[in-house]
Each structure stands twice: as structure tokens, then as C-alpha cells.
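What follows is a single chain, given as C-alpha cells, in the form predicted alone.
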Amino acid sequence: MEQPVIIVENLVKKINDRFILNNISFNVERREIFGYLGPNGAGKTTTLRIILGLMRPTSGKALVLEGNLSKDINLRRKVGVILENDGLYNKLTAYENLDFYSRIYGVSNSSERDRRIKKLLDLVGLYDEKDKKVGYYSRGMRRRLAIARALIHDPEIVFMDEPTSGLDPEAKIIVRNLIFQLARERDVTIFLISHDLDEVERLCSRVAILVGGRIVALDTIRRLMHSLERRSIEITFKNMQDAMEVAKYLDNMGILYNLRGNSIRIFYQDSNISRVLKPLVMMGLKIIDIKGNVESLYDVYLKIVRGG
């Protein structure tokens, strides 16, 4: 059996007697898109810093390709990183940015640099914009160029922290497709930190959910959703005001729900959902659509985080 490319074992980080990470363990397999989730302050960034060798743990270990990134310079060349700060220079063109980073990573042959740069610009759909200064790029274009920058040295693993944050829906789809393509066609392992649960559900095979410095769930998305499946019904109203009125009614009834825009997901334990729906019909609200049992990762995540 092939060795995992990332091994985190009994990792602890304490600051002033406070546990930032409390004995966490997980592995990431080669070519996997692994989601690392949790609310703000859960310890996701601390975990990433320790894995990347930017912070020392109190105890435990974090290995990448069986080595320690803080001690092995050559090992760092096998890893790419995309953080919220994209690391691009506004006064340089896209081509010049990638040329600069390829030199940093030791690609000394000019023809090889040119080949890699053009290939990556084509991959991320920016070849026709290669001579445009990055300061004039949209946010979506910058994120795509940041992915190219992270790949310029042909890494085996890429760590991505909120790669689609702040992007419009069209740009998100482009970046998602790029991430999927990297794993499936270029055999790159992706370690993905994201608050966009729709993105995670579409991309990741497995996820770990971190709450208060502890991993409270670690499994495939399919198994997590199956283990926490609960009967539910989603009602979409014509406007948000109607949905909010129903939310108040459900609060008074003590019924669990999730409100998202003009849609509301109602969770129920018994088969007699009519006792909930009948009063809604009597209220004369304009209902556009009704769907039953359409659990999403969003619902599972909320249950796990609230329980954890």
C-alpha cells in the first residue's frame, strides 16, 4: 500500500497553557483532494503553518512526503502553496511573474522556463493576457495566476487556503475546475482549506472537521452525510420575508431549521410532516418549490460543529 503523502500524528500546540491544537491526527493520500474544515479560530491555519514548517508544534509530528519541511530545503521544492495573499507583483506582467518565481525555484534553463510558463498560462486560461500587468487583473484572474505560480516548479502537493474567496460565481467555477483538473490529470495532491462548503462538497473525497483544536469528524463526505442523515424538507418561498415569517413560526414551535435566503430547510423526527406544513398553507404564503430529504455538506457541517 502506498504511503500517505501527508501524515499528521498526535499534533499538539499550546500557547500560554491554552490548547490551539489538541492531539490531532490524520493522513492525506496521494492524488487526493482533502478538505480541512472548521469555524474561525478552530486551528486550521495553525495546522497549516506547522505542516509547512513555519511553526513548531508543542508535541507530535507533521510529515510531508515522509520528511519535515522545516528541515529539508529540497523537500520544499515538491510543495506549492496558495494563501489569501497571492504573492503576485502588480507592476510585472503575468509572464514576468511566473518567470521570476521559476528562477527562484531554480529553473535556470531559459527555454525550459518559457515552456513551463506558456504551458501553465494556457492551463489557467491566461495565455492571451500574459503580457498584461497583473495590477490590471481581476480578482478571478489573479487567483488563476496564483495557481500557476504555485505549479511553476511542478510540485507533488499544493496547499490551498480559501482559493475562491471573494470570487464571483463564474470565476469560482473556473478555479474549481482547475483544482479538479490538477488532481485528476496532473496527479497533484490538494490540501484544501475552505469555508465554501459547496466547493468542498463538489471537490473533496474526504474531509476533516476541526472544532476547538480537536478533529471531531474525519471521513468521506458520502459517509458523513449518511451517518447524520435526518428527515428534512426544503421549502422555497417567493420572497425572503415569507421565509423569515416561517422561521419565527418554527422558533415558537421548537422545530429545527436552516434559513438560507428565501429557502428554509425543516428537520423533523416523525413521519407526520403534515402537522408542520398545514399551518404554513393556512398562512397563505407563496411557495415556489418543495423538496424532501436533500441533505448537503452544509447541513452535516452545522450538525457536527454544533455538536462538537
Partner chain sequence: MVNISLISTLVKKEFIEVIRDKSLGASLFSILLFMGIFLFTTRERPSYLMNTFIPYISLIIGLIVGFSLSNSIVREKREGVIETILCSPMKLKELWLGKTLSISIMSAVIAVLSTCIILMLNNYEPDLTMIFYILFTVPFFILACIGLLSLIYFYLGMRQIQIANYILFISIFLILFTILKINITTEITWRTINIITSFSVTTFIITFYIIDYADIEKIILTLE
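Positions refer to the first chain, counted from 1. Predicted model only: the values in this text are computed from it and were never measured. Note that the rigid core is defined as the largest set of C-alphas that superpose within 1.5 Å between two forms.
Form predicted in complex with the partner chain: not shown, discussed below.
Worksheet item: Pick from 237, 137, 101, 95: which has a non-hydrogen atom within 4.5 Å of the partner chain in the model of the complex?
Response: Looking at 237, 137, 101, 95 one by one, just 101 meets the 4.5 Å heavy-atom criterion.
Item to complete: Let me know the one among 49, 260, 61, 278 whose heavy atoms come within 4.5 Å of the partner chain in the model of the complex, would you?
Response: Filtering the options by heavy-atom distance leaves 49.
Practice prompt. Indicate whether residue 76 is a 4.5 Å heavy atom neighbour of the partner chain in the model of the complex.
Written response: Heavy-atom contact with the partner chain at 4.5 Å: present for residue 76.
Worksheet item: Quick one: does residue 85 come within 4.5 Å of the partner chain in the model of the complex, counting heavy atoms only?
Response: Result yes; residue 85 sits at the interface with the partner chain in the model of the complex.
Worksheet item: With the cut-off set at 4.5 Å between non-hydrogen atoms, does residue 133 touch the partner chain in the model of the complex?
Response: Residue 133: contacts the partner chain in the model of the complex.
Worksheet item: Within a 4.5 Å heavy atom cut-off, is residue 243 in contact with the partner chain in the model of the complex?
Response: Residue 243 lies outside the contact set for the partner chain.
Worksheet item: Using a 4.5 Å heavy atom cut-off, which stretch among 278-286, 249-257, 53-61, 30-38 contacts the partner chain in the model of the complex?
Response: Only one stretch qualifies here: 53-61.
Discussion item. Since the partner isn't included here, can you check whether the partner chain sits close to all of 13, 81 and 149 in the model of the complex (heavy atom within 4.5 Å for each)?
Written reply: Yes, because 13, 81 and 149 each have a heavy atom that approaches the partner chain to within 4.5 Å in the model of the complex.
Worksheet item: Heavy atom within 4.5 Å of the partner chain in the model of the complex: which residues of 25-43 qualify?
Response: Read in sequence order, no residue approaches the partner chain (within 4.5 Å, in the model of the complex).
Item to complete: Take the rigid core as the frame of reference and indicate whether the C-alpha of residue 134 shifts by 2 Å or more between the shown form and the other one.
Response: Shift of 2 Å or more: yes.
Worksheet item: Would you say residue 79 moves between the shown form and the other one, meaning its CA shifts by 2 Å or more once the core is fitted?
Response: No; residue 79 is a residue whose C-alpha shifts by less than 2 Å between the shown form and the other one when the cores are overlaid.
Fill in: Rigid-core frame, C-alpha of residue 172, shift of 2 angstroms or more between the shown form and the other one
After core superposition, the C-alpha of residue 172 moves less than 2 Å between the shown form and the other one.
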